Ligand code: MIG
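A single chain, nothing else alongside it, follows as structure tokens in the form predicted alone.
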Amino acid sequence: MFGKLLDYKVKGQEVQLYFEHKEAKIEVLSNKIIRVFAAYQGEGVNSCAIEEEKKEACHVEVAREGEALVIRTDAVMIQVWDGFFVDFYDARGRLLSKQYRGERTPLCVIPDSLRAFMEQEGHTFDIGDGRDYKIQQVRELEDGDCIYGLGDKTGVLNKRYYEYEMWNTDNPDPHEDHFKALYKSIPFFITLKKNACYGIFFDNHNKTYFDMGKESEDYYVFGSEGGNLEFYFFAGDNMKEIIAEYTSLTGRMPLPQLWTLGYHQSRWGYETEEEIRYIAENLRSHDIPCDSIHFDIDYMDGYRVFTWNKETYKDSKQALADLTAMGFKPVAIIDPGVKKEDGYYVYDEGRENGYFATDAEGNEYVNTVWPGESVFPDFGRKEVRDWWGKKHQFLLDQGVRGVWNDMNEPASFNGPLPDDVVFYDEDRRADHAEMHNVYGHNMAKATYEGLKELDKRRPFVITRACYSGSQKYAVGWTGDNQSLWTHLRLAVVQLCNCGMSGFPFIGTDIGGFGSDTTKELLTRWVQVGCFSPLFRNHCAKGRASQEPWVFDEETLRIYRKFVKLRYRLLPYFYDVCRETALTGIPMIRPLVLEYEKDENVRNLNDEFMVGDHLLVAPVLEQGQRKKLVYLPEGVWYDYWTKEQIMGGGYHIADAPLDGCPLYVKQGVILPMYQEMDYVSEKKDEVLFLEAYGANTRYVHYQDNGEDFGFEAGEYNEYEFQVEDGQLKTSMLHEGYTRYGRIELKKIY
């Protein structure tokens, strides 16, 4: 394809490469971030993930050394060979990643005759078949290499030996290990080697393919039939550094409103004002703290977006005002499909301005979703995003505090959108094949920017579909899961890999969306949800209700216990959120992210950390009342009994139905709130501190939890130290009202 390397030119930190048959370039964005590019589609393609110039001045050396062109920074050495083979080494010359030169060795080649014979009985084939793509990389794997990231894909934590596709897909079937694609496309992964690590981000909006060693133990493959060859290589001393670099490039989660970290109650099936009021009253009467009730599509007038059903709501503004007075922040769903109906104001405005996608002949493209025949806003264009963002004034006027974007893969009922449907990449004409994976991303961007401009508070936007970089605009959930134990086990893996993929604020539907939950499954799920960034119970119409009070008193008691625990831990969660906003390191993280040199945690699928202080080992199996827990080296405290346990091995923990094994690392302080029904000004009355060890230190952050005043310095940053049983408090920054009281509750 490329042929021999004939010449090169250095322009600042960019090295232009001239091969026999094609040009390419290597661009040094920083000492540890390298861009590899070859145009197949052209230079005019925008990156939805990387929206600003991201280049740091650094020292770059370029020279011919034998048959290779060698590019050096202070941290990385890149060797470029004939054929545009590119290898990466660290500054000491230790191999990080090498392009594979050998023959592809498919796992199994099935003759067409045998394939046809077996397909008669419904057999399908899910094996590495050696397929070549127009644009691809085949890179070496070594023994012991582990691969993490790639978003919320199914399977286990370590993605080695599995294959995936990046094509945002609405599939409500039970998500088993063989699923190649779900709702999100995040083409970023981290390879953890025995003594090194690196990351790769394949920034290609088209459908992309990742075979992470399924085809062969010797290599992995990623590729696409469209777009350009454009990937970013990240070197680093550890996995956290790789994530920090990746999110410095694609953006980081903004600091959320504090209430969004509270408990959310939802269902597709709260159809009337009376039902919503019933849910709100029962949450308060059953003493279950809650900050938000979500409105699914039933609140709309005929599923028309930016409308409210006047038949099922006597006075929607008054209903939402009453919820607000009870401490609830209403969140309303919005789908992208706009009902094709003359006289409907959203459709009329969009049609008049040409804001909807068209077919190849220029006619409005029409498919069917909830409202019936619908058209699709072209969110790739700024003017369409601006228009859509302003439409949210309707929801704000009703009293809505957050917006939930759904069906934005985009989903449709009359078959998928054809590849040639015309969408735009800003001012450049493109098509659905290219823009499909960023449709949800651009919708989330429109929603976020609209709410930020109109409301002035930190926007709360939830999205089902996304691409790399969507973390700048939205939080997420893992889509239409099922009330199955396999899906509870999958939840831990999905949340951890999403966090390591730069998308940290995410949750799963507690209890499961489809199928019918049981009281034991719901109980174990709320114990996972308690420590998940997005803490929401949600289920489908036509399924058994899963509000905790519909079960027995024991289920209600345990559910209440863990929701209340979440609210007591909110100041710690908020501190972890701030760390994530500043560094990109996820809120919840697999143990391998904290202890990557410990080989015992590289394939650990059923434990996770919240920040670097709390270790959660939830029960994920039906009937289990003991849990085999691995604790890394160091001293840990059982949160419930306060027993000290030496780490560095496994121990058997008691795990009764009302217990979730939870551990605190020695040497830390946990900040805690008093009990509350919802987040309010009460949060600033008192802060309790629990010290785990006689000599501890902790930095704590406090602001109003709502607006952007913190950007102007309106926040407090405390340093707490416990020495010989005494608490010392100092202010690292003071710009907000202090707590009414800070109390050292206990030292363990």
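Residue numbers here begin at 1 and follow the sequence given. Keep in mind that what you see is a predicted model, and the values were worked out from it rather than measured.
In what follows, reference is made to the form predicted together with the named molecule, a form of this protein that is not presented.
Novice: Is it the case in the predicted bound form that Trp370, Arg464 and Trp477 each bring at least one heavy atom within 4.5 Å of the named molecule?
Specialist: Yes, all three are in contact.
Novice: Phe513 versus the named molecule, in the predicted bound form: is there a non-hydrogen atom within 4.5 Å?
Specialist: Answer yes; at least one heavy atom of Phe513 falls within 4.5 Å of the named molecule in the predicted bound form.
Novice: Should Trp404 be classed as touching the named molecule in the predicted bound form when contacts are defined as heavy atoms within 4.5 Å?
Specialist: Answer yes; at least one heavy atom of Trp404 falls within 4.5 Å of the named molecule in the predicted bound form.
Novice: Could you confirm whether Ile147 comes within 4.5 Å of the named molecule in the predicted bound form, counting heavy atoms only?
Specialist: Outside the cut-off, so no.
Novice: Is Tyr100 a contact residue for the named molecule in the predicted bound form, using a 4.5 Å heavy atom cut-off?
Specialist: Looking in the predicted bound form, residue contacts with the named molecule do not include Tyr100, since no heavy atom lies within 4.5 Å.
Novice: Could you tell me which stretch in 570-578, 417-425, 293-301, 659-667 has residues with non-hydrogen atoms within 4.5 Å of the named molecule in the predicted bound form?
Specialist: Answer to the contact question: 293-301.
Novice: Just to confirm, with a 4.5 Å cut-off on non-hydrogen atoms, which of Phe231, Tyr219, Trp268, Phe84 contacts the named molecule in the predicted bound form?
Specialist: In short, Trp268.
Novice: Out of Arg589, His538, Lys329, His487, which one falls within 4.5 Å of the named molecule in the predicted bound form, going by heavy atoms?
Specialist: None of the others qualify; the residue that does is His538.
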